[in-house]
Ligand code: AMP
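Here's a solo chain for you in structure tokens, the form predicted alone.
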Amino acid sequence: MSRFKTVRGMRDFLADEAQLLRYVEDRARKVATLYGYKEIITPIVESYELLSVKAGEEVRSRMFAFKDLGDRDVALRPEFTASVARLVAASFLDQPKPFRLFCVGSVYRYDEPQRGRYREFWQSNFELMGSNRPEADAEILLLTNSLMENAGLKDFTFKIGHVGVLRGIFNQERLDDRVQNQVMQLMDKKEYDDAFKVVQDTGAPENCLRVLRQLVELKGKADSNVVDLMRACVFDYENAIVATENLRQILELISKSGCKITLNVDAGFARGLEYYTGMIFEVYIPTLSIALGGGGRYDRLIELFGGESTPAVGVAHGIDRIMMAIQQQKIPLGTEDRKSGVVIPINEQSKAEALKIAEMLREAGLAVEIEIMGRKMAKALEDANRRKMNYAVIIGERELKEGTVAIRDLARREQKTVLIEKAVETINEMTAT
């Protein structure tokens, strides 16, 4: 056994797992195409300052950060949005809005490894930039719903809230940004008592604390009266009322779209990243306690990186977690059932012809391997059956002289000899059913 193991929090993907990962990636790319999102590719390594500026303390403390050989502070990307915002600020100044951008790849956080949480993990990321209208927020929700459906998942639900409600309260009570971010981090981890203690220590009035306590208890279906209750709860806070009405507009758009999407409103919902300014959401299935994806509105990030003021909303989908959900729900992948086969040369003289015929079959779109272990024909056929191959092409001394091949249907155990030029047609007929 090798003494080398994967670094903690990293992992290998065996063939079936790699196939599943690519399957989810393919679903994400399909959705990107359907919604008009263009794929971009950003570096895995970025400036530490870029990645940390609005990531939130929780993410900052878990970045893989180091100095490069030029003594520059850099880090492995912990998420995509900062990189996309940098790219837009630098390269999209003259482009017509909105920008619909998509990227997929690995991201890195030094979390404690556990079920569904790794230090290297995969995301598909969608960003819609240039519109501050609720239609844009609705699109990101519908897009995520579409990806879950395309992946074949069942019984998934959305949790939705609005950072602007909490920020509106904190700003009116003149809590500085550092305190606000600390409170939001604690609320994100559902450490509400600690969060309220931080607010109380600022000297905020009891009414503020009462409203916060009421908000974290306010939850309900999107088609219930929960938004009305939120508005009544924050009636003393003007900007919180505006945020509540914005959330109402988004929910009404989703409802009127006719899309079957299960939305649960959580008035005290917060997410860890500091750059969110509006609607936020996560998506779950009942048997997993971790979110399959999440996102929200961030209207000031691009100008922070030197670009012009550009409202934006986005989402990151956890590919690893969607893979877990697919496995839990035993969803068939629905991948193309590509037939496979093997070319078996019987003797030394037929090896070159086997290579030639295998290339001819591949050029015709047939998946085929060559027997390269020196096995006798019976053993080679036994191996092909064990690996659930569909056909074998056998080239012996007689076939070589006559310009023919023997083609064996491995499932039916039927065999016929045909001219080489008829091989592709014959295999297609054999494997058609």
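One rule holds for the numbers: they count along the sequence shown, beginning at 1. Being a predicted model, the structure only gives us computed values, none of them experimental.
In what follows, reference is made to the form predicted together with the ligand, a form of this protein that is not presented.
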Closest heavy atom of residue 318 to the ligand in the predicted complex, within 4.5 Å or not? yes
Flag residue 191 as yes or no: does it have a non-hydrogen atom within 4.5 angstroms of any non-hydrogen atom of the ligand in the predicted complex? no
Evaluate residue 173 for contact with the ligand in the predicted complex, applying a 4.5 angstroms cut-off between non-hydrogen atoms, and reply yes or no. no
Wondering, does residue 87 line up within 4.5 Å of the ligand in the predicted complex on heavy atoms? no
Can you pick the one in 311, 268, 293, 168 that has a heavy atom within 4.5 Å of the ligand in the predicted complex? 293
Could you check which residue among 196, 92, 305, 118 gets a heavy atom within 4.5 Å of the ligand in the predicted complex? 118
Here the chain appears without its partner; judged in the predicted complex, the stretch of 121-129, 150-158, 213-221, 176-184 with heavy atoms within 4.5 Å of the ligand is 121-129
